[in-house]
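First comes one chain, alone, set out as structure tokens in the form predicted on its own.
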Amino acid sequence: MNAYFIRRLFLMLPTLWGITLVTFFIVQILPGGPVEQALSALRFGGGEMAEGGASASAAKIEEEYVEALKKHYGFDKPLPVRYYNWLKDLLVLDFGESYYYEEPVIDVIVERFPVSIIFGIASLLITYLICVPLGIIKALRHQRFFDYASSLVIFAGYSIPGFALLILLIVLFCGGSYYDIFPMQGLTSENFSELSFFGKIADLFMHMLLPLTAYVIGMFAFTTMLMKNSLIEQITADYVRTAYAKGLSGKIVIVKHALRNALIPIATGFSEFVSFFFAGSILIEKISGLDGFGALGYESLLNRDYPVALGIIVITSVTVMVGNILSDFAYTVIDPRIDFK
């Protein structure tokens, strides 16, 4: 078992190398890079070439300016050389400097960590702590009133896109034509530092509730129904009927036998949650005024901020691969009989 996980860890290296190789070349060949953007700003910001006799001189100045920009951003070197230099720096966890923010990429990314981690962990806890028990109850009360009523509510929420639900909640509860209960945007209030400990918790709760609801609404329904259907499948299995025939109580059969096997499909979704910590949701973050990884990734591509975009891709790829390993580890915790070779 330990050898399996060690192999998985070592296999992350060539996988990550392949991801960086493909993404680096794709990102680098995107049109409208930092050199083109700086040149456009010069041309349309009052730096147009002069007319008449000065045109040749202006063209020469512009050419020298372009060459200086290429050297500044490292585009004066061939693409394979740029990749080699970037990969060499990456091995020592140096992600380079942001073109747009003009500061180290790692600092730009770390600034967005709080939003992504807070919402990621909260989404994980809410989904698993509520959806798993709810799915179990629905399975044990299959085709009864509670099952039908809860399914109606769950699928109604599932049918609404997260960003659309957030807009609706903002209109209803954020000082529009109806109620003024929750703040409209941001993660904290302006006077957050002046609040007491419990006041800060309450302030975070009021800011997080609506966007967090929009975050989890889709995964909430999926996880609940997956848990229910998985448990129903186990309850109808032959080994469960055999356990009942041996005289075991329903509680022991469900909890000790059926539930353990039913949790295995749930463990597969763990890696998705880990990646969701960093991917976030662009629309939800933009609507809520949250500075998370989703908004940062979108802005980095929009601004052709290659170092930041590549840094996000690398970090997200590593977390997804680690999440997959943790999912396999969760298998062995749920059912020790599973033995990866």
Partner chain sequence: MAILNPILSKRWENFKKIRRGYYSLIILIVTYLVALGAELWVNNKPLVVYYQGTYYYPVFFFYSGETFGEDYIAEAQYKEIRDRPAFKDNPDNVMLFPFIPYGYNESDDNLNASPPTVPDSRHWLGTDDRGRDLLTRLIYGYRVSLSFALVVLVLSTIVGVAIGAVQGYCAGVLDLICQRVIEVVSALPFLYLLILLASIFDPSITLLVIIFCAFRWIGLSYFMRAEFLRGRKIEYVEAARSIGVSRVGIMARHILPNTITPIITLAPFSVAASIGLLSSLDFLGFGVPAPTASWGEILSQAHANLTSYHLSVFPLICLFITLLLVSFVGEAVREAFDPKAYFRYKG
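Positions refer to the first chain, counted from 1. The structure displayed is predicted, hence computed values, not measured ones.
There is also a form predicted together with the partner chain; it is not shown, and the following applies to it.
Which one of Ile266, Leu204, Leu259, Leu140 is close to the partner chain in the predicted complex, taking close to mean a heavy atom within 4.5 Å? That would be Leu140.
If the cut-off is 4.5 angstroms on heavy atoms, which of these, Val81, Leu168, Ala149, Leu248, is the one near the partner chain in the predicted complex? Of the listed residues, the single hit is Leu168.
Of these, 69-77, 178-186, 98-106, 204-212, which stretch puts a heavy atom within 4.5 angstroms of the partner chain in the predicted complex? Heavy-atom contact with the partner occurs in 178-186.
Every residue in Val27, Ser159 and Leu283 with a non-hydrogen atom within 4.5 Å of the partner chain in the predicted complex? Every listed residue reaches the partner chain in the predicted complex, so yes.
Under a 4.5 Å heavy atom criterion, is Val35 part of the interface with the partner chain in the predicted complex? Contact with the partner chain, no.
Quick one: is Ile287 in contact with the partner chain in the predicted complex, heavy atoms, 4.5 Å cut-off? Yes, Ile287 is a contact residue.
Is Val132 part of the interface with the partner chain in the predicted complex - any heavy atom within 4.5 Å? Output for Val132 is no: heavy atoms all beyond 4.5 Å of the partner chain.
Quick one: is Ala164 in contact with the partner chain in the predicted complex, heavy atoms, 4.5 Å cut-off? Ala164: yes, in contact with the partner chain in the predicted complex.
Taking heavy atoms and a 4.5 Å limit, what residues of 289-305 are near the partner chain in the predicted complex? Stretch hits, in order: Phe293, Gly294, Gly297, Tyr298, Leu301, Leu302, Arg304.
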